[in-house]
Structures are given as structure tokens and as C-alpha cells.
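Only one chain is given next, in C-alpha cells, and it is the form predicted on its own.
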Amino acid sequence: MPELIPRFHDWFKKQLPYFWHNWICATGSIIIVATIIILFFFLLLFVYNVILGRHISSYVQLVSFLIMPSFLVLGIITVFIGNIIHRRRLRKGQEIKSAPELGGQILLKKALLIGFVSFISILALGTFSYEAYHFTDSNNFCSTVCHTVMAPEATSYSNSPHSNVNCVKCHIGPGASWFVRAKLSGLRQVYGVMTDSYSKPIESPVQNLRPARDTCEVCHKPDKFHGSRMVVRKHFEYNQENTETITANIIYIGGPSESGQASSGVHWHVDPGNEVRYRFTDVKRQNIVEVVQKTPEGEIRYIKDGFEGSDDDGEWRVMDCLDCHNRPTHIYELPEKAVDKSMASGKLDSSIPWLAKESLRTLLETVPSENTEELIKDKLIAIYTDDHPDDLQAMVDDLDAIAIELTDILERNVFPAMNIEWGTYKSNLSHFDGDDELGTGGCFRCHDDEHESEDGHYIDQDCDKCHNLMAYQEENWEGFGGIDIESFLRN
């Protein structure tokens, strides 16, 4: 091996003196070689992702296609400058020694050893770091690493319409700046878990969440006119027959008109030509004390009746999708709606007397635990034995299926370890509170006939601007003109 070093040295001087004339050339050569090694590593990484069938991160593409080639160009320019200096020295008759000559055989030995070790280290560390990056961006990391904290969110996410969208797509979105911001915020969250100082339940809405225009609107186009949509839901009365009723509502989704007319419907609020700003005084953004409506026709300011605070009270926010769709993914049901849904789908047998009423009662009076299913069975047997003895056997015959369904409903909505109960997280799409009664939330935060402008106009509460309630919990409703309701609901 020692004999090979001088031979390699002589060969290198004869074949590639251009890259080793002096330390400037040598530095450029090191940059070039290192860059080529790293690019080779990225090539292996691309092959690795192709084999796994995994999407290649835009950040990896940024580094491999833009940043690393820049270093390659830098190395070539450095070598070129070094050779210009070398030629000037030759013209002046100065003594010239190549970089290997200055360092001798020991330098070459060390350079070869360090180069080999560096290549292996870069390969190993790069693969590890890349996998770590993918893991921290995975749904598995978001939902299971801090299991107690995130179990409710992971459960509600898995039952949502966005369950096929990765967490980071909404919580971080595209771009490097929000990625870095999210990871720094994650350190604070890790500290909270380690010290058991996190909120129970997790506070909502999330503060400093990225604006919806950078996340939701990547897929959902706000300036698209959607027209109207018929929504039909079944409800089962709390009587012996579980009487089935229908609620039918036409929602005027609207939006900007494609013909250039004025925007209309619910999506008037997200028309790019309109801007709605509001000032709120509570962390839930339910107490809205001032609204500023800005349209091409001008600006109107509304103040809530009775508000006597100063201009510094509260916070301002520009309204976006999440002010109404505040539970687009982590959706928690109210027990009444959950029972109706299960009965409508047949998971709870509506032919069993009193089942709607007593299922609701059981859900409200049971706390989930390790043996939730047995607790529900015991509760139902006790209720039917005391209140409906004549119908006990009909219920017991289907008790296992009932208990399984009610357990599923309960355990996806109630989490005692995080202090999440029925109605803890309210939806702003609904006008109803946790008791299924009309409340003051949702649209009524602004549309309450209490926000007045300087010229005496109010933000009105005209419900017909947003929807037309055609039927509310009616039996045998025939408003479809002969269309089969079951077929309508399926389609």
C-alpha cells in the first residue's frame, strides 16, 4: 500500500494537474468531488423512493436540482480561478508546488481515508435524516407518538371526509417557512407533553394556524359558483315506535357568479371581491363585537349593541373558510345526531321499541373505559327492566350489536383523559348547541340583528338568504314529488 501512494501521486500530477496546481484549485476540487458524492447519494435516494413507490419531497428536489448543482458550479469556478493564479505565478518565475506535494504522502492518505469515511457517513446520516423527516411528517407520528394527547384528534380524523389527506397538508401546507415554524412549535408541544402541562382538552381554535387560502384553497376553489344543494336527514323520535321523520333543507351555497353578477349565498363571505374582518374578545371567537365589511361598493362597519370596550379590546381576524368550517376534519358528533345516523344506516335496529330514546340516554350516562361495551349492556338491561319490561326481550335479542355500535359512537366522541365530553367542540356550521336547541353560535355570532352600522342598518338574521327549510322532522314527507327518499339519500 505505501508503494502505491507515490505512483498514484505521480499519475495524478500527470493526468489531472489542472485540479491540483495550488490550494485554491484543491479547494475547488474538493467541492466538486463532495458535490458529486452528494448528488450520487440523492440519485440513490430517488431510486429508493421509486422502489418504495413513495412521493419524492419537494425539499429533496430543491436541494438536488437547484442547490447542489450550484455548489458544483462554485467548485468549477474556484478551480478556474486557481489555475489563473497558477499561470500568473509561472509567468513571474515563482517556484510552484502542487497541493499534494505541499502535504506529501500523509496528506493523500488522510484525504483518501477522510473521503471514504465521509462518503459512508453522508450515506448513512442522509438516509437516517430523510427517513426521520418523512416520519415527522407522517400521520403515524402526528397521532401515535403522543398517544393520550392526540388520540381524540386521530380518532375524529379517521372518521372525517379528509381522512385521506395527510395531517401536514392542512396543518403546515406547502413551503419551507411554515415547515420550519411548525417544527419549532412542535418543540414547545414536546415540552408540554414531557412536563404534563398541555391543555386538556386541546384548545380550539388553534392559534396562529396558517390561513385557509394557503391550505384549504389548494384543493377547494373559493371563487367557484356552487349553486344550491338539497340536504335531507332522517331523525327518529323518542317514542316506542322510533318514529322516522325527515328534515329537508336547500342550502344556498352560491358564491361568485360565473356570469359576472353579484355574489350570493353562503359563499358570498369568501368571494375574492369581498373582505370581512371581525373583532372578537374571547379565545373561542364566539363573542364578535365588531365587523368590517369591505366590497367594491365601499366599506361598512358594524358594532354590536351594548359593547362599551375600547378600540384595543379583542383581536382582529380576516374571515376565511375556517370561521364557518371550524371542524372540517376533527369532527365530533352530538349524541342525537350520532343515534340518528346509526339508525338511518341500519346499524341500530329502529324496529326495537324505545331504542332511539334509550340509546341516547345510555350514551349520555356512560363514561367510556376499558370495558365500555359491558357497561352499555348493563345500562340498557337496567333501563329496559325498569321502564320497558314488555320490550326487554326484543332489545336483548340484539343486545350485542347495539352495544358494539353504541361503544363505537361513545369512544369516538368522548375522551375522559382529555376532558372531552359531548359538545366540547362546537361546530360553527350549526345553529344548535349541545342540547340540540337553537343557540347563539355559528352564523348567529354576526347575523343576530344586534350588529349596527353608523347609518342604522343591522347585520340581519334573514335565514332565507342562506337556506330554505322545506321540512323539519315531518313524517311521510312527499316534497320530492314522488321521488323515492331512500334512493335520494343513497345518491
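Since this is a predicted model, take the numbers as computed values, not measurements. Don't overthink the numbering: it's just position in the shown sequence, from 1.
Keep in mind that the form predicted together with heme C (HEC) is missing from the display, and what follows is about it.
If you check heme C (HEC) in the predicted complex, you find no heavy atom from any of Val190, Ser369 and Ala417 within 4.5 Å.
Note that among 377-385, 228-236, 347-355, 79-87, the stretch whose heavy atoms approach heme C (HEC) to within 4.5 Å in the predicted complex is 228-236. When heme C (HEC) is considered in the predicted complex, Asn166 lines it closely, a heavy atom lying within 4.5 Å. Though the partner is left out of this view, Asp460 does reach within 4.5 Å of heme C (HEC) in the predicted complex, counting heavy atoms only.
Among residues of the shown chain, Asn428 is one whose heavy atoms approach heme C (HEC) to within 4.5 Å in the predicted complex.
Proximity of Lys304 to heme C (HEC) in the predicted complex falls outside the 4.5 Å heavy atom cutoff. Note on contacts: among Asn139, Thr281, Ser185, Gln240, the single residue with a heavy atom within 4.5 Å of heme C (HEC) in the predicted complex is Asn139.
With the partner omitted from this view, the residue of Ala401, Val180, Met194, Val206 that lies near heme C (HEC) in the predicted complex is Val206 [heavy atom within 4.5 Å].
Interface residues of 387-414, taken as those with a heavy atom within 4.5 Å of heme C (HEC) in the predicted complex (partner not displayed), are absent.
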